[in-house]
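One chain follows as structure tokens, the form predicted on its own.
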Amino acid sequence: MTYSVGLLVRTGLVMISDSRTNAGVDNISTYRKMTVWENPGERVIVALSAGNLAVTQAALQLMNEGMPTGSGRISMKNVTSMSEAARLAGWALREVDHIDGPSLRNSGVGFSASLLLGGQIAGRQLRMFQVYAEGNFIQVMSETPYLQIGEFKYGKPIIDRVVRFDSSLATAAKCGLVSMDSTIKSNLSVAPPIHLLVYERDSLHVKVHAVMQDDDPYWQSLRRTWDAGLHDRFAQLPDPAWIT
């Protein structure tokens, strides 16, 4: 499994994903869950994936190759809007389901895949979508400026408490990483390396693309400080009146 989160605030976009697949006592693999299409000055599109690795890799390959049309192929390299990119991602997932879905279901595996797709194309708005296995999608809104896929339940509460559309990119990135830490703390199927991408609205180039291993100094400092802070604040909470 995996955990990926995208946060879209007034000043830009933060995308974060882990890299663990097939977690088990003696079967742990690492695969990157973040794919970036960047043409500086023209487009930045980022996809985060969760679910069956073979399914998401096949879908991403189709998004690279493009969807056939009467006048050529529409791919992530030439889509003209983020909504068109979301439709392309939905088409790719449906195509993979059409080809591989029946055999997966017959073997009892099931068809499991989802994508977070965020970015901006020159002359267009910065947008972010969640694309489901069925090919349909939803868009992030300013009232709830984030989307999650994979093992999202452990990392959701901190984002709900902290991030607003008016939050800074630094706040969004820091909160997203704390959300990732909370998930790693509670779920063996999520683990570093952590991929972090930061994009400033209208810049049309990636500002930060970092890969943090478990021994990364900032990652270790953030985890220690957050853990210590939680313990300190908890100790300061008043005891219930009915406990003597």
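Position 1 is the first residue in the sequence shown; the rest follow in order. Only a predicted model underlies this, so the values are computations on that prediction, with no experimental measurement involved.
Omitted here: the form predicted in complex with another copy of the chain. The next part is about that form.
J.: Would residue 170 show up as a contact with another copy of the chain in the predicted complex if we use heavy atoms at 4.5 Å?
T.: Yes, contact at 4.5 Å.
J.: Looking at the partner-bound form in the predicted complex, is residue 153 within 4.5 Å of another copy of the chain by any heavy atom?
T.: Output for residue 153 is yes: heavy atoms within 4.5 Å of another copy of the chain.
J.: Indicate whether residue 157 is a 4.5 Å heavy atom neighbour of another copy of the chain in the predicted complex.
T.: It does: once another copy of the chain is placed as it appears in the predicted complex, residue 157 has a heavy atom within 4.5 Å of it.
J.: Please determine whether residue 162 contacts another copy of the chain in the predicted complex, using a 4.5 Å cut-off between heavy atoms.
T.: Residue 162 belongs to the contact set for another copy of the chain.
J.: Which among 204-212, 45-53, 60-68, 31-39 is in contact with another copy of the chain in the predicted complex, heavy atoms within 4.5 angstroms?
T.: One stretch meets the cut-off, namely 204-212.
J.: Look at the candidate spot formed by 16, 73 and 112 and say whether another copy of the chain comes within 4.5 Å of a heavy atom in all three of them in the predicted complex.
T.: Not a single residue of the candidate spot has a heavy atom within 4.5 Å of another copy of the chain in the predicted complex.
J.: Can you tell me which bits of 174-196 touch another copy of the chain in the predicted complex, meaning any heavy atom within 4.5 Å?
T.: The stretch 174-196, when checked against another copy of the chain in the predicted complex, contributes 174, 175, 178, 181, 182, 185, 186, 196 at the 4.5 Å heavy-atom cut-off.
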